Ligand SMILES: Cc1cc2nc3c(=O)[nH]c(=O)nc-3n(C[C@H](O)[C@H](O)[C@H](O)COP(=O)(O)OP(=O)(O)OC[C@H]3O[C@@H](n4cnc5c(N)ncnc54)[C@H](O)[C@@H]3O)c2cc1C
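Before any questions on how it binds or moves, here is one chain, the form predicted alone, in structure tokens.
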């Protein structure tokens, strides 16, 4: 008998889980509250392990074509632009595969995953479905949506982000807490950004209480820009509040012209800001036939660039656990055992990374102690991590 799964949320984690489960013979429906199936955002990092995991789902060619390998990243002094250190420096030449992390536009990765899911089942992803209730029992889970429709499946996976409805409805939870950080983001065409790329294709500028990161995506045609700064108060509720170049520049006052000149030329319509929020870790990510993955289970701060990788890893490892044929509660428990230490390590190292990168006047020694030098954090392979069911 075919096993069925309802997945709430058609983001990267939800679509990865959907494709992995469909390849194991599951009947899957992915319910997305947005009326249009598209992924917004900007550049993200795909770790080698996450990339290899996606390749195992038949996406290798599309992923390699749409992403850019990262041979190294320059760390630069915020005021002088002087090079402090580099990371991900490899002795071996790039092989065109997943030996190094890769940068990709989130929308491009989302489109690749969505196409993969739809190639398996054109009706698998259902838009305009806002979850209002989830009722689990011993045999399955009934999901109820705002339009009055319901859906029944053997299991339900909450992949609906840091403000997860599944988490709110079915798990003891506390609201997100402001992390004391504000973020700015924009995308700038390469021809505009070119005069400000003297530190290379990927660079991080370190300053007291602030860090500025920029790198090229889409075959080098677009500069992805993000600035993170300590902030005492965030009044806005939205995640994508429009911002202006003047606001961005004001927060990063004193930074090198490779930063401020670049921001000054950002297309105003691409500039947004948002506050970073954290949650206390849950005691567990599953209850009966319901489980959380990705940011719904374990949101983290962005200082390691591994948030998307964790969601992809979750989807892959969860499918492996369910493919053992164990009853859902046992498979979920095996998934949590396999993922717990990994997720907690990344969560704590992300916090530590932020403290180091924003801790006063930067120097080469501070960067050398950065956890980003720990390549094991990026080489974790969801295809081979041990599962004990």
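Since the structure is predicted, the reported quantities are computational estimates derived from the model, not experimental observations. Positions refer to the first chain, counted from 1.
The protein also exists as the form predicted together with the ligand; that form is not presented, and the subsequent description refers to it.
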Legend entry - One residue of 218, 210, 214, 129 in contact with the ligand, assessed in the predicted complex (non-hydrogen atom, 4.5 angstroms): 129
Inset, instruction - Could you work out which of 116, 275, 161, 227 is the residue within 4.5 angstroms of the ligand in the predicted complex, going by heavy atoms? - result: 161
Legend entry - Partner-facing stretch of 256-264, 188-196, 152-160, 135-143, counted where any non-hydrogen atom is within 4.5 angstroms of the ligand in the predicted complex: 152-160
Inset, instruction - Identify whether the ligand in the predicted complex is within 4.5 Å of every residue in the set 10, 14 and 31, based on non-hydrogen atoms. - result: yes
Inset, instruction - Give a yes/no on whether residue 79 approaches the ligand to within 4.5 Å in the predicted complex, heavy atoms considered. - result: no
Inset, instruction - Determine whether any heavy atom of residue 308 comes within 4.5 Å of a heavy atom of the ligand in the predicted complex, and answer yes or no. - result: yes
Inset, instruction - Evaluate residue 53 for contact with the ligand in the predicted complex, applying a 4.5 angstroms cut-off between non-hydrogen atoms, and reply yes or no. - result: no
Legend entry - residue 41, heavy atom within 4.5 angstroms of the ligand in the predicted complex: yes
